[in-house]
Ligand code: PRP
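Let's start with one chain on its own, the form predicted alone, as structure tokens.
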């Protein structure tokens, strides 16, 4: 089997993958193997369309795309910014919408306004550092956390957090709120730079077909 005949998609596990497959289905791209919930397969193939799919954790998708293991990836904009991998971002798919925000107790608002030296906890240290250093010109101490970052201000580890906000209900339940918005986020399609040249027609057809579907919404 010659891999060059195939286009390979790396999809982010979970809701993004389900939404992506639903969207791809509207332009005639499907993969029956992926519907089997009990399968232990890691790579799924549609022989007829010469397509391959695999599921991955979000932060790994841009890596697979940069190194050409996947031609096309679907991942959140937050991950694209945080990982900083080389790939073309070609399409905003319009789902998985949320915001990257600075959050904390109301008492921290003044420290932000006066650009005081503060501690910031986040799963996204690159985004946090860029926002405070390059956009606000505020000196901060960034603390990388992997779990529930809301704990940061509650236990006194940090003054504020930088995190994704969808509804804000978790923040409210813990006495926190959105203090500043950094940027809007949603699922994006990215393409390997070499694949874009070598398989331009095939990839461009997929992009154009998806654009039509998205424009009809």
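Since we're looking at a predicted model, the values are computed, not measured. Numbering follows the first chain given and starts at 1.
Although it is not shown, the form predicted in complex with the named molecule is what the next lines describe.
**Asked** Within 4.5 Å of the named molecule in the predicted bound form, heavy atoms considered, which of 164, 69, 29, 34?
**Response** Only one listed residue qualifies here, and that residue is 164.
**Request:** Using a 4.5 Å heavy atom cut-off, indicate which stretch of 156-164, 35-43, 50-58, 185-193 touches the named molecule in the predicted bound form.
**Result:** Careful reading of the contacts points to 156-164.
**Asked** With the partner left out of view, is residue 175 within 4.5 angstroms of the named molecule in the predicted bound form by any non-hydrogen atom?
**Response** Contact with the named molecule, no.
**Heavy atom of residue 123 within 4.5 Å of the named molecule in the predicted bound form** = Output for residue 123 is yes: heavy atoms within 4.5 Å of the named molecule.
**Request:** Find out whether any non-hydrogen atom of residue 180 is located within 4.5 angstroms of the named molecule in the predicted bound form, and reply yes or no.
**Result:** Residue 180: no, not in contact with the named molecule in the predicted bound form.
**Partner contacts for 168-192, taking the named molecule in the predicted bound form and a 4.5 Å heavy atom cut-off** = Contacts from 168-192: 168, 169, 170.
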